[in-house]
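A lone chain, given as structure tokens: the form predicted on its own.
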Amino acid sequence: MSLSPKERLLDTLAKKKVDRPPVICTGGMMNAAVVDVMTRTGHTLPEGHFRSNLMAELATDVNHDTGFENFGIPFCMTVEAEVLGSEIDFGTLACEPKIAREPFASNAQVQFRTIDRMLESGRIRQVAEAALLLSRSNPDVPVIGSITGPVSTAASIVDPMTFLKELHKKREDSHRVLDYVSEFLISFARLLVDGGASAICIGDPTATGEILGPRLFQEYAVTYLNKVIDGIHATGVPVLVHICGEMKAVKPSIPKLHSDAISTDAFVNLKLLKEEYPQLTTMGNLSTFLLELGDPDKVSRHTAGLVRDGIDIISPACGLSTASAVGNIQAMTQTVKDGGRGW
């Protein structure tokens, strides 16, 4: 079987038989633009957050230097929040962007803007143009457009502590904000698909069992993740979802998600999750602490274990440290390409 990286990923997501798992890093909260890559190439952040050509060049560098079998853009989780009104600290070469200030003190204060106008602001068009550049120049490599999930996006425009309290106490306002945010995310994702994205990955780190608990996870996370997933599916592309943290409290809700693959944190035993819910396409979950602080041999052994366990897509468990050594990442990707035989 001879498959291109794009064919391998899309066939895996369609539950077709493939020669081996894809090994990917999706961008967004799983940004693989590590310092080692940027210093070698001179294509750097934060400049790459703002220029579509530089974003595409850096995504190409990551693909080439790390061995990941995709392009993942953007390189942060602040594109949506900026457009929705948050003040952003764009970081440095070694420090990713973060929210500096949320514009609204409560859900009731959120100002709803026209989505078409928002799609023309911030860095939205730069990310879509980067997707177009990558898809045209490398048609056999999947472009994964990463977006921030609805709960995390809402918590990045409303004071997060207030936002979480109001999920309990002011449900009508909370649902109104999450519905608004979800509609915007669908439109952003569709723009990425129009630009050539082969798949969309949703990272929703605030939507965890530890933060929400099972009842609010079902009421908010499942409801609005599915709204976004269904909206993206209408374009004909698959959707991957990453859920952070320990999954025990919310595990019964995971099969209710409409996504084509579930990515988890390193805390989760993906082999057992797959045995309990065989219908799931599993993705992950090599420890990012291991990728930063370990050595290539140990990285390779742990990666080989994931391959032996039958994990469908191999990827980092969560966001990579920008200090991660490229040699460790190469040990991970090459082990998968060698069929899990080790570095």
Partner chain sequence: MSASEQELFQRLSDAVVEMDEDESVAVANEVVERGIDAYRAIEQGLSAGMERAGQLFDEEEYFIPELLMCSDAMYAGMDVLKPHLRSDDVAEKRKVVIGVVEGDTHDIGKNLVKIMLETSGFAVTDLGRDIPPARFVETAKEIGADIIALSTLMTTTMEGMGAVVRQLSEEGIRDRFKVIVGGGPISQGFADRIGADGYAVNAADAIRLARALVAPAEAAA
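Numbering follows the first chain given and starts at 1. As the structure is a prediction and not an experimental result, all values here were calculated from the model.
Although not depicted, the form predicted in complex with the partner chain is the subject of the following passage.
*Do all of Asp89, Ala94 and Lys248 end up near the partner chain in the predicted bound form, with near meaning a heavy atom within 4.5 Å?*
Yes: each residue has a heavy atom within 4.5 Å of the partner.
*Stretch from 111-119, 231-239, 186-194, 158-166 whose residues place a heavy atom within 4.5 Å of the partner chain in the predicted bound form*: Stretch with heavy atoms near the partner: 158-166.
*Within a 4.5 Å heavy atom cut-off, is Glu102 in contact with the partner chain in the predicted bound form?*
Looking in the predicted bound form, residue contacts with the partner chain include Glu102, since a heavy atom lies within 4.5 Å.
*Wondering, does Glu172 line up within 4.5 Å of the partner chain in the predicted bound form on heavy atoms?*
Result no; Glu172 lies far from the partner chain in the predicted bound form.
*asked:* Can you tell me if Ser321 lies within 4.5 angstroms of the partner chain in the predicted bound form, counting non-hydrogen atoms only?
replied: Heavy-atom contact with the partner chain at 4.5 Å: present for Ser321.
*Does the partner chain get within 4.5 angstroms of any non-hydrogen atom of Leu132 in the predicted bound form?*
Contact with the partner chain, no.
*Option touching the partner chain, based on a heavy atom within 4.5 Å in the predicted bound form, out of Gly213, Gly85, Pro252, Pro139*: Here the answer is residue option Gly213.
_Listed residue (Arg176, Lys271, Lys98, Arg125) with a non-hydrogen atom within 4.5 angstroms of the partner chain in the predicted bound form_ = It is Lys98.
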